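This document starts with one chain, in the form predicted alone, laid out as structure tokens.
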Amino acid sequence: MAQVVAISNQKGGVAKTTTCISLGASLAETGRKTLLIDLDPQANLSLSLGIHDDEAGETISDVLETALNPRKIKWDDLIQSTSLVGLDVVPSDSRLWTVERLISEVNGYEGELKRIAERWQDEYEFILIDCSPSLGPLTIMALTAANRVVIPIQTEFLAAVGLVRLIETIDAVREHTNPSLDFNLLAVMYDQRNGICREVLQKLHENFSAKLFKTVIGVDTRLKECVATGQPINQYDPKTRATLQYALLAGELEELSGGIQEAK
């Protein structure tokens, strides 16, 4: 059964989409069949993998719309392959802005993505959800569907702004729709030469030691370059620092997920 992981932070520009793609690619490279779900109306994950709005075909918007207007979905057309074997994606498109607003009026909407993801539980070992930079209905659906939330935290002075609110949202989801939800923090965009970066990382260790991944993702210009090629970082440059760091992160996540499976 697949482990469902939401990548979430309501603050933009914190490498959320980069982490979703790079972590998913690292898992796929180790033989873990992985599905990425783009749950952001900006569709940056889809674009980063070379899927453009006008050629996406069926998207997550179409599936969620069935909660509003039931119809048959071409499930085989929904999942698209990427350039990396074992890594697939459910793309997004800009219609998701409207779908989010309408679906929030449906009773029990919080569980809709979970019901959708259950369809793929036996086909994949990991399902990673790239959340929108908000704490709106789309993110609530993702948190309800997930076993775990990975929260990328940029190592800068204002990094913790909004973190308390996100953790409060996770607690609310635990109380109402997903009592087994867990979370972990991931330090990203770290520059060891920068004193503020070192200070912020130290504070994260002091305040969230039990929830902080050991792996730290450093600044790497290759991560920006690979977007233009439609390739994950481990394909674009297998030897760059970010490739090695995301591989370590994948290993940590596998260990945590193994613990979940044993607990069940």
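As the structure is a prediction and not an experimental result, all values here were calculated from the model. All residue numbers refer to positions in the sequence shown, first residue = 1.
Omitted from view is the form predicted in complex with a small molecule, to which the following refers.
**Item:** Residues E58, S61 and A117 all lining the small molecule in the predicted bound form, heavy atom within 4.5 Å
**Value:** No residue of the spot touches the small molecule in the predicted bound form.
**Message:** With a cut-off of 4.5 Å between heavy atoms, is L68 one of the residues that contacts the small molecule in the predicted bound form?
**Reply:** Result no; L68 lies far from the small molecule in the predicted bound form.
**Asked** Can M189 be called a contact residue for the small molecule in the predicted bound form at 4.5 Å between heavy atoms?
**Response** Taking the distances in the predicted bound form, the answer for M189 is yes, it comes within 4.5 Å of the small molecule.
**Item:** Contact flag, T243 vs the small molecule in the predicted bound form, heavy atom cut 4.5 Å
**Value:** No, T243 is distant from the partner.
**Item:** Any non-hydrogen atom of Q42 within 4.5 angstroms of the small molecule in the predicted bound form
**Value:** Q42 belongs to the contact set for the small molecule.
**Request:** Identify, from the list H52, K214, K239, K224, the residue with a heavy atom within 4.5 Å of the small molecule in the predicted bound form.
**Result:** Selected residue: K224.
**Request:** Have a look at 197-205, 215-223, 24-32, 228-236 and name the one stretch with heavy atoms inside 4.5 Å of the small molecule in the predicted bound form.
**Result:** Answer to the contact question: 215-223.
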